[in-house]
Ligand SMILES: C[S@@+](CC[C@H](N)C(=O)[O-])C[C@H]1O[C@@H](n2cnc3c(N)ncnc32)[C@H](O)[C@@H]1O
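Okay, so here's just one chain, in structure tokens, the form predicted on its own.
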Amino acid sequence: MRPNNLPQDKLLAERINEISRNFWNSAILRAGIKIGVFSLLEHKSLSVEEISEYLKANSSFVEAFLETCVVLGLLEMEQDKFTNSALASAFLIPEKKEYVGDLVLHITNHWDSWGKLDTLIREGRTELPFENGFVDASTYWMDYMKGQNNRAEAGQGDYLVKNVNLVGKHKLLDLGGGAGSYSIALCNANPQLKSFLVDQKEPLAIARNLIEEHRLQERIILVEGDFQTIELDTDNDVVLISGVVCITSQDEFRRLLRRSYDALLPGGLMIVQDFMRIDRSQERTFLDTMMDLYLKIAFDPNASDRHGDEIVSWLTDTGFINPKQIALPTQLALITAQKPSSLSEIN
């Protein structure tokens, strides 16, 4: 009976081999972005020799690399010349709104950390790329902030706008708003809205440039400080917390929810946007499970891709009502809730 099982056994063994090779794909993608091959080949068809001369690189290595990009669907080859595929042209050209190259660099900056995953598991600790020397601190934080803006520009901002109703809302408090991507999206979609974006000096420097590009200097006010300790106004119609719950402890986030509640006017809207386990499809469960480990490695030992039901319980414990979990086709999900508009709405 055993020989009849051999083909299946070999198939299963190849699955192990496939998993072990997956890092090759991300290395090829990262290299293509860093050496600028996709920008070079936008609207052009060039030979190996022409590309090698431009890159000042070894032609044998360049040819092998370009062929891997072809089999990954990043490039196309015709008559010994290479050009961008539709995929690369759509998402890997820095001048385009949908560019995600900075996000790719941020994710792959954690290369060395993943390489010592066995050690990090045993020690239960995070290791940032500038701590192991893979990139310097300024490069890491720049790639991180620009990468988050990539995510917003590539579609997350549009989904946020489509799923929150800000009609009649005039003042937004964006806590930990980073590069300002979501304040920009919401203000562009709601002409009556003014945002106060609270974050540290470094992300606000990036936010300032983006806000000027969108000509929103008068409607998005940058407030430098720690959103956990800075004094907050109490006349806000909306509070947005994006990308914070997954990288903070439960106690820290509960404290932030209490501060948000106090900062809202009665009837105000609370928006939480983050990696959250809301969609229970097989594909999303896979992504959420992988993301949970990534967050612990990349941000904080207490970080987690948390369950939506858990976050809802924290919101209702704080006093919010009418929580709504919203799964999106993108990586981030939404939860909205309201501050009661009167004592009669408080349980």
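One rule holds for the numbers: they count along the sequence shown, beginning at 1. On a predicted model such as this, the values are computed, not experimentally measured, just so you know.
If you look for the form predicted in complex with the ligand, you will not find it shown, but the lines that follow are about it.
None of 222, 257, 238, 244 but one reaches within 4.5 angstroms of the ligand in the model of the complex through a heavy atom, and that residue is 244. Out of the listed residues 157, 268, 129, 178, 178 is the one that sits within 4.5 Å of the ligand in the model of the complex by at least one heavy atom.
In the model of the complex, at least one heavy atom of residue 145 sits within 4.5 Å of the ligand. Contact annotation for residue 141: at least one heavy atom lies within 4.5 Å of the ligand in the model of the complex. The ligand in the model of the complex comes within 4.5 Å of no heavy atom belonging to residue 253. The closest non-hydrogen atom of residue 188 lies beyond 4.5 Å of the ligand in the model of the complex.
Comparing 258 to 266, 214 to 222, 84 to 92, 145 to 153 against the ligand in the model of the complex, the single stretch with non-hydrogen atoms within 4.5 angstroms of it is 145 to 153.
Heavy atoms closer than or equal to 4.5 Å to the ligand in the model of the complex belong, across 200 to 231, to the residues 200, 203, 225, 226, 227, ordered by sequence position.
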